[in-house]
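Given next, in structure tokens, is a single chain: the form predicted on its own.
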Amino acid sequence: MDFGLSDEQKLLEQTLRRYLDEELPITRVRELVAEEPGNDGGHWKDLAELGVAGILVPEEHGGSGLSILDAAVAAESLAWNVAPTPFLGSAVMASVALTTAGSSAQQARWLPRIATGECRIGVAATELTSRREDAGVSERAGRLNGKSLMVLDATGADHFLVPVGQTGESLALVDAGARGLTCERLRTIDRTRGFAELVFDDAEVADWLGERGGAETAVCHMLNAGRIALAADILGASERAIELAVAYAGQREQFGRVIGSFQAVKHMCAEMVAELEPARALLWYAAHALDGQQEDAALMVAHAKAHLSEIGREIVRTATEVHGGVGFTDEQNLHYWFKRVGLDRQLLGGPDQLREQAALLQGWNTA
């Protein structure tokens, strides 16, 4: 049995990387995000035509109807080019939430627009994994009150998906221009993604997904799909960091020799590859479990996100060290991947939190 990617998944990876190399090279990414964090310059529509926006949208609603593993392949390719897109929020988390919790009418209303890139949905879900003392969103008479920090993919979003309550008992879709909603843009270390803080003051709700008070299962599946996408993002960014380090080691001369000929540098590059490759299989299995083996899904997703968060940080740090002092400067492009991995590591749960969750899922006493 072949446990690798299928020919179709390899073709998806090749097509995306070819498009991104031609249309969104790092020089263009730098220009776009200098104007506004998360600015894709209109390329999301082109990626939608390639099937990226609707990768998890069922075929009857205009999407590709593919699997979480296919979405992971796409996320890895997007990270390889640090592409500034709303893939995590719209294509993964919102699509999964609508498919899992939405009624037939809601799916028919929203999913085709997501698949074409017409509708961009930011996701206000970080309070479910880490919460400030004054944050959180509650419902009162059908309207929303409270605050949500670090809203994912806020740049260009025309709607926001908002889990309501302590554990996301309900899921609300809110128009970006809704009465009672204030949106304040945030700056993070990673300019390839746009974040915002939302303040709700009796804010109007455009749509409630499924039954109010019965969305916890859908929210859990949405979070796990997001974690898979983030783990794949770390994988792709780490791959590119290794590639940049090896290329630099083959060009940079010191003491009359390229530094790649030094044993210490060879070991650093080899260790990065040795750390990353086993993680690829772990990610693939976690994505497969989320698609078809729900009893293992939450545990494997927690392990995959936690492990890739840890080794990803070490890989981009080592890649920076291979570059020497210039690795920390804006002269080199490496810092875009370094910062992307740094933010991915903490989004939707850091490694310590996810390992604690994995321990609880296995019945271990962590007290």
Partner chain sequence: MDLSYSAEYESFREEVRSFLEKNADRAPKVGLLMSVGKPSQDLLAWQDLLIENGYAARNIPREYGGYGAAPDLLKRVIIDEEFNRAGMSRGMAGQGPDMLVPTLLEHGSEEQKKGWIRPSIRGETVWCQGYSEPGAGSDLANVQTRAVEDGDDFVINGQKIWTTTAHHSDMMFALVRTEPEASKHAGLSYILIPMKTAGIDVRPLNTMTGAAEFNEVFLTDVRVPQANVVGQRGEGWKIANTTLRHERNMLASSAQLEGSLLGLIALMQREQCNGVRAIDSPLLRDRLLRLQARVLALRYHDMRMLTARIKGERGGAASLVSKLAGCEVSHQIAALAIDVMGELGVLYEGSRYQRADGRWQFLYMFSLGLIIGGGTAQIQKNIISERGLGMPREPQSQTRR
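Just so it is clear, the model here is predicted, and its values are computed rather than measured. Numbering follows the first chain given and starts at 1.
From this point on, the text means the form predicted together with its partner chain, which you will not see here.
Peer 1: So in the predicted bound form, does any heavy atom of residue 59 sit within 4.5 Å of its partner chain?
Peer 2: Heavy-atom contact with its partner chain at 4.5 Å: absent for residue 59.
Peer 1: Does residue 342 reach its partner chain in the predicted bound form, with heavy atoms at most 4.5 Å apart?
Peer 2: Taking the distances in the predicted bound form, the answer for residue 342 is yes, it comes within 4.5 Å of its partner chain.
Peer 1: Does at least one non-hydrogen atom of residue 197 fall within 4.5 angstroms of its partner chain in the predicted bound form?
Peer 2: Output for residue 197 is yes: heavy atoms within 4.5 Å of its partner chain.
Peer 1: Does the 4.5 Å heavy atom contact test between residue 278 and its partner chain in the predicted bound form come out positive?
Peer 2: Taking the distances in the predicted bound form, the answer for residue 278 is yes, it comes within 4.5 Å of its partner chain.
Peer 1: Exactly one of 268, 119, 178, 220 has a non-hydrogen atom within 4.5 Å of its partner chain in the predicted bound form; which residue is it?
Peer 2: Selected option: 268.
Peer 1: Is its partner chain in the predicted bound form close enough to 132, 285 and 353 that every residue in that trio has a heavy atom within 4.5 angstroms of it?
Peer 2: All three within 4.5 Å in the predicted bound form.
Peer 1: Looking at 93-101, 186-194, 204-212, 157-165, which one sits within 4.5 Å of its partner chain in the predicted bound form if you count heavy atoms only?
Peer 2: Among the listed stretches, the partner-contacting one is 186-194.
Peer 1: Even though the chain is shown alone, can you say which residues of 203-233 have a heavy atom within 4.5 Å of its partner chain in the predicted bound form?
Peer 2: Contacts from 203-233: none.
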